[in-house]
Structure formats: structure tokens, C-alpha cells
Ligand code: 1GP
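Next up is one chain by itself, shown in C-alpha cells, the form predicted alone.
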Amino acid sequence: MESKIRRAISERGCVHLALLDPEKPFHKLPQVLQDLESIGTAAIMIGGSTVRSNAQLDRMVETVKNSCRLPTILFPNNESGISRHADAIFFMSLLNSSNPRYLIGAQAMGAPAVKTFGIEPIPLGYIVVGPSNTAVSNIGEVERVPYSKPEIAANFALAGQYLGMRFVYLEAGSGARNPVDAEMVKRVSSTIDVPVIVGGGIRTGSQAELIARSGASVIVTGTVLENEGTGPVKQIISSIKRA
């Protein structure tokens, strides 16, 4: 799975991933998934900050796999966010959390299941940034990195790379008022040698294009898909391709 993402990045420059939350109902989900596949989404991420039901998670993963050919990547909030049916998992550490549980504790609890189920782990450094007071910032007990301090985000990202993480994710948070600042994306992407993923608050093609031009290798959208369907996502993917 990781090799497929890296190959797509190499070919396209920047790719789109769609994030689905198992706790939030999607109207006509099979059709939405087929539309995402047709407009160029590279993979489906599945997870959310408050997911607690493995049954819900399993149903969502199985629905994705039965509805389209897009690969599934788990985006877990803790050890409960693991499904045996998924292709891969972003095995991530919340680098700016003040709680050791989100740095390594939950990962140690979930690692045996990842191995038992044969899910491909993709090491990822996760950094929550910006001013928005979102679910992930509260639950993850993060010390948010302000957009005015891109050098701090770059330092966290570089530390993640040196710890062996093969992707870095800059997260504004689900439903954030504004996406990650372009200058922060530019600073981080120019500092590290691994792909930069950017998510949270991206609602328009112009926002996505600016972030892609600033050095992002992957752009993630979730809330706009939940609220408005695939129309805006199609525009976002077109803008990424243009960038």
C-alpha cells in the first residue's frame, strides 16, 4: 500500500485521499465510493477522533471494499480503531501530544493486532496545528502549533523523520475553520525528505491548489465530503492535478 501511494505521488506530484468516519452516516455510500474512484481519489482513509465501535468500523471497511477497488487505510484514534479487513494502517504517533498514551501507549496496545491481522503498517508522524479547537486537539491533549510558528512544526516533522516515520501529517482538525497555512506547509516540506500529508479545513479547489503548490504530497478531505458530497471533491482533485 505504501509503495502504491509513493508511486502515485511520483507520477502525479500530489494525490487525494478521502477520509470516512464510521460514526457519521453517509447517504448512498456505495455510489459515493464509486464516484471517488472515478474522479481520481487514490485511497480511502477510515477513522475518526471518537470511534469506539469495532463493529461500525468493520462494516465501514467492508462497505468500501465491496463498493470500489480503492485501497483502505485505517486512521485510528487509538487501539480500538483497528479492523482486520483493512489493507493498511497509518501507524502514527501524535508528536505534539502531552499524553504518553498518544505518543506510544496506544500504539503498543494495538501493535499485536496489526501483526496478527496482517495489516500493512505505514509509520507516520502526526502533528496538530493551527488555532482551531477541534476534537482531535482536545482528545489528543495536544499543544497546538500556531501558524505563526512554522519552524516549530518543521522541528517536530524533522524529529519524526529521524525517528523513522515515513510520512508526516499536518492536521488542522476535522471541521477546522481554515486549512493549514501554506507557509507552514512550505517550511515543513522544504525541511524534511518524506512526503507531507495535509488535512483539515480544506473545502475549495483554490485552497487545495495553494497547499499542493506549497509542497504537500497528499491532501485529505473529510468534512466537505460528508456535508456536500463529491462535487467539491471533484473540484479539489482537479485543482491538485493543475498544481
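Nothing here was measured: the structure is a model prediction, and the numbers come from that model. Don't overthink the numbering: it's just position in the shown sequence, from 1.
The same protein also has a form predicted together with this ligand, omitted here; what follows describes it.
Chemist: Would you check whether this ligand, in the predicted complex, lies within 4.5 angstroms of a non-hydrogen atom from each of Phe91, Gln107 and Phe156?
Modeler: Judged in the predicted complex, none of Phe91, Gln107 and Phe156 sits within 4.5 Å of this ligand.
Chemist: Residues in which of 187-195, 31-39, 64-72, 214-222 have heavy atoms within 4.5 Å of this ligand in the predicted complex?
Modeler: Heavy-atom contact with the partner occurs in 214-222.
Chemist: Can you check whether Gly130 is within 4.5 Å of this ligand in the predicted complex, heavy atom basis?
Modeler: Close contact is absent here: in the predicted complex, Gly130 is far from this ligand, nothing within 4.5 Å, heavy atoms only.
Chemist: State yes or no: in the predicted complex, is some non-hydrogen atom of Gly201 no more than 4.5 angstroms from a non-hydrogen atom of this ligand?
Modeler: Heavy-atom contact with this ligand at 4.5 Å: present for Gly201.
Chemist: Using a 4.5 angstroms cut-off on non-hydrogen atoms, would Gly173 count as touching this ligand in the predicted complex?
Modeler: Judged by the heavy-atom cut-off of 4.5 Å, Gly173 is in contact with this ligand in the predicted complex.
Chemist: Under the 4.5 Å heavy atom criterion, name the residues of 1-19 that approach this ligand in the predicted complex, in sequence order.
Modeler: If the 4.5 Å heavy-atom criterion is applied to this ligand in the predicted complex, 1-19 yields only Leu19.
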